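Taking the form predicted alone, here's one chain by itself in structure tokens.
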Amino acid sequence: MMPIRPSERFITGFTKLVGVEHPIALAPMGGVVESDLAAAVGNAGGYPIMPLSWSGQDIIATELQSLSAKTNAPFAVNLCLDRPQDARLELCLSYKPNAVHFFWGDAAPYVSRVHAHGALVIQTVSDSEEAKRAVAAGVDALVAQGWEAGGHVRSTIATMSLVPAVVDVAGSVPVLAAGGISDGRGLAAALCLGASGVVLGTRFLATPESAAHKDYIAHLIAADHGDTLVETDLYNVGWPKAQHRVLRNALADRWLAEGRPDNTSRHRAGETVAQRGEARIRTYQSTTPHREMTGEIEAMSMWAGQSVGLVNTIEPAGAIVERVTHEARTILRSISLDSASRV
């Protein structure tokens, strides 16, 4: 692999807004993004988003204190709005995040409260109408998540079509592109579409700092672009009626072959497939394979986006930020030089 020089500051509307060096945000992947990975991205000049939607108060305190001890970089906390989050929001705000990132719901009821604490509001949107409402509510930045994204995704629109549609209604509000992006070509393409940066998830799973299980990472590295599928009722235990993209596995293939049977009649329904300490993970449970788990990791919900085919090695998170930034800058400069030569 070609050595990558440290990149100079890559200024966009988003980097100026949140105060980071590079327009790369770490996706808030529950179960694998902990303080080690978040700090590595922040220390490399990226923007970490900490997933705290399902965390108890002790975990939130431990993780945010640990993050502050490892980096001075700005960071956001992520809260999923499919459930009440008032108590978590208050606790998270006490740790003075740079922003609160809201997902799977409307951030409008929380905007004034977050702003009153001196933090920004970021909202993930799945179409231009949702983006319009978020901007009208005073949201400071948007994440346009296309359907190529791994994990839970609401959109049915491809990133390439969604991003310019959201940019067109966002006005001066910066937009980050998410879904199907794992390298500098994706960042360059997003910037050409009018985005101010990208959110990377799948690429950051295969890092030494990730808390993903080693078997999960091995499956990611072995996978190709066509090895994912999007379903709503596959890994629905614990989070029903939520569209998600995962790696194919034997359990999923049998479920598809049998016509998507319901939770009571499908193969191995209710069985324990893995364990973490005292906690047991059941078949079809919406749970990320963590490095501390034991059992049939391959049978679990191995979230992955369609860019998984570009993830071929385990690479330090900081090196990914530097490489992706360098690749994008090189591409954009070559386009600029080529255009100038044709004038």
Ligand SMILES: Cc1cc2nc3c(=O)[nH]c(=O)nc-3n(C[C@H](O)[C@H](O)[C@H](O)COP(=O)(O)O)c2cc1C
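In this text, all values refer to a predicted model and were calculated from it rather than measured experimentally. For every residue, the number given is its place in the sequence shown, counted from 1.
The same protein has a further form, the form predicted in complex with the ligand, not shown here; the description that follows concerns it.
Counting any heavy atom within 4.5 Å as contact, can you tell me which stretch out of 273-281, 58-66, 297-305, 38-46 lines the ligand in the predicted complex?
The contacting stretch is 297-305.
Quick one: of A76, A190, A107, V199, which gets a non-hydrogen atom within 4.5 angstroms of the ligand in the predicted complex?
Partner contact (heavy atom, 4.5 Å) among the options: V199.
Applying a 4.5 Å heavy atom distance criterion, does I181 contact the ligand in the predicted complex?
Looking in the predicted complex, residue contacts with the ligand include I181, since a heavy atom lies within 4.5 Å.
V32, heavy atom within 4.5 angstroms of the ligand in the predicted complex:
Yes, V32 sits close enough to the ligand in the predicted complex that at least one of its heavy atoms falls within 4.5 Å.
I'd like to check something about Q123: if you look in the predicted complex, is any of its heavy atoms closer than or equal to 4.5 Å to a heavy atom of the ligand?
Looking in the predicted complex, residue contacts with the ligand do not include Q123, since no heavy atom lies within 4.5 Å.
Is there any non-hydrogen atom of S286 lying within 4.5 Å of the ligand in the predicted complex?
Answer no; every heavy atom of S286 is more than 4.5 Å from the ligand in the predicted complex.
Output the sequence-ordered list of residues from 47-85 with at least one heavy atom within 4.5 Å of the ligand in the predicted complex.
P51, W54, N78, C80, in sequence order.
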